[in-house]
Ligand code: GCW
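Below sits a lone chain in structure tokens, taken as the form predicted on its own.
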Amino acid sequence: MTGSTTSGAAVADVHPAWLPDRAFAGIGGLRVAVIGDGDVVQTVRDEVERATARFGGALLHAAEGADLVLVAAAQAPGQLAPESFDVALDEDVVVVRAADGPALLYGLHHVVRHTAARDLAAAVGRTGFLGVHAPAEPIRMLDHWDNLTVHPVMGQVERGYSGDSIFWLDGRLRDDLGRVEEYARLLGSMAINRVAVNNVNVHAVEAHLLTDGLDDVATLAAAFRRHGIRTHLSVSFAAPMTVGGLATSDPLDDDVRAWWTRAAAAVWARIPDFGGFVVKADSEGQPGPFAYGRDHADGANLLARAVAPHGGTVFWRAFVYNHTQDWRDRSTDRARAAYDHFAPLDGRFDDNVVLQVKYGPMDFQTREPVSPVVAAMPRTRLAVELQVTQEYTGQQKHVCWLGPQWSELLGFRPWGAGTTVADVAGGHGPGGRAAGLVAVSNVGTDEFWTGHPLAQANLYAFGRLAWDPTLPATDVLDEWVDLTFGADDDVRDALHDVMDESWHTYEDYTAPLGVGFMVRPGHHYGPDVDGYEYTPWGTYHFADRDGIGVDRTRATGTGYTGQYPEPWRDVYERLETCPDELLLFFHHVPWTHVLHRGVSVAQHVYDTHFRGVDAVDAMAERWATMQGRVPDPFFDRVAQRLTEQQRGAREWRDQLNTYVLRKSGVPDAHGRRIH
């Protein structure tokens, strides 16, 4: 397939995703003025020049005679916050006034989105086109779990399902950065402003990026800079020892402090707009401050003070838990861990530390409650972490449109009313400490970027919801469809039929009622009901002949419900009020326990797993009607993945239903054959 061109070089192996040439047809035929200076303004100018060359019109350097004026920074009158822009109609001229270069790029793509299926005059009349547009989340970041070389267990991209790294090959930066440049263009179009380019599990070869690998990082930073994106590195807490030759990494040691100060100065000397460091410490075998009797505030502040003179930020991940626990010990609860480790440290982190908290207390499961840490640390900058790569939601072999899931959790109100999760991340919570949203990227060297072509929509949705978490997921999907395929009502309807309910469908045929980790250990693909149940990593369902679920109540369980503020601490505590979809996350109940919907837990498993398979079959049938309506390679890849999804859904159905029947002895009320 033929992609677009960047810097004059053909990139023949890149699918254009939501930026095919036709997406810019709406500004074709227009006289477009681009006014301003800087690298990102030049990117805007290049995009307009390319569109007008393809579809007609002209690129102008002054507003006189223009139909569309894009003006940045000092040339734009009025006060606008950084990264914000205003769209106004001045007589018959649409004027986009931007606070800075990145804002001008976002303004351009705002126009492109609104004109992808209509002309400029029609776009002006649409709700949401005119007015001031500003990001809800200051930080909108993608983390790449990319290794420089192929790891013997995790491959080159840890939890990656789309091929190898687009950045690294054989321990060094790739020679051909055409894909990186196209990727930066995709991210700029949806207002991503930060990227971390290596795995949070920092192996020995990646550790050297901080020192003798800086030239490679600087080359990547140059590609991202043109699209308003700052580059970050994941670093090892043990770097003073592993690459610095010191005998310790103790955060209170003077030599360690001096080493980090020198290391940071060298990074910023090479990359003046470098963003900062990402750190996974004392988690799943990664080194951290616990080895020295220090806490995570000590560790994070060590790095924060080294990067502060350069305007840098430290993203310190809160994914810390006991991964060597005794499965027989029901008092140990992985869900409690982040709160127990970090909530007591609220107020002790420096201002340039962002605590990066997974949206749920476990690990990106198909269904879990919002992490109580979000509501527990008003004096700390919190970034909420999502997972675009579908580790537990089908690994980009299954259609699982995550826009509805993210809309639901970002709109969750931790105190029952008022402030949402998105508000807390954006600095509108009780403490007013702004950070933003971070997600694990899902791209690789695959022809379609994301393995499953429809998984492109998840990447797009993250950027759009990070800009505006109140956008309806259906509207975001409409945007992606219109940009990717053009204004085709039949294609749009078919994709809604396939994707709208796909998250709930995936939940139907996999782990039920808030249970997690019923997956095969290690690679996490496919069902294994007891796969993690008797391992050091945690215990997740406690199923026996009498019942299933984890008692996390204050009255009789691990006390996890007590980590929530009112009203949720009591809503989750009581069977009468706990939502069905989270029942087994919070409670251990008999197989015959009747849900709010009026059926037993066992019957719910049977019903949903049969329903899930039927829904996947319907998705495949609906997609088949798109042959000839979308490009053949795109159609074929989706059809292939849907065939695998049908197989996988049946495997999940048969294993879960059989397990429940054998454990519970409760027959299916409808007499269906249990495998």
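Numbers for residues come from their place in the sequence shown, where the first is 1. Remember, it's a predicted structure, so these values are computed and weren't measured experimentally.
The next section is about a form of this same protein that is not shown, the form predicted in complex with the named molecule.
In short, of 295-303, 226-234, 386-394, 575-583 it is 386-394 that has heavy atoms within 4.5 Å of the named molecule in the model of the complex. Residues 145, 199 and 358 are all found to lie within 4.5 Å of the named molecule in the model of the complex, as judged by heavy atom distances. Although the partner is absent here, residue 280 is a contact residue: one of its heavy atoms lies within 4.5 angstroms of the named molecule in the model of the complex. When the named molecule is considered in the model of the complex, residue 159 lines it closely, a heavy atom lying within 4.5 Å. Interface residue remark: residue 524 is counted as part of the site for the named molecule in the model of the complex, having a heavy atom within 4.5 Å. Though the partner is left out of this view, residue 364 does reach within 4.5 Å of the named molecule in the model of the complex, counting heavy atoms only.
Comment: the named molecule is not present in this chain, but in the model of the complex one of 259, 319, 448, 503 has a heavy atom within 4.5 Å of it, namely 319. Comment: the named molecule is not present in this chain, but in the model of the complex one of 253, 478, 215, 284 has a heavy atom within 4.5 Å of it, namely 284.
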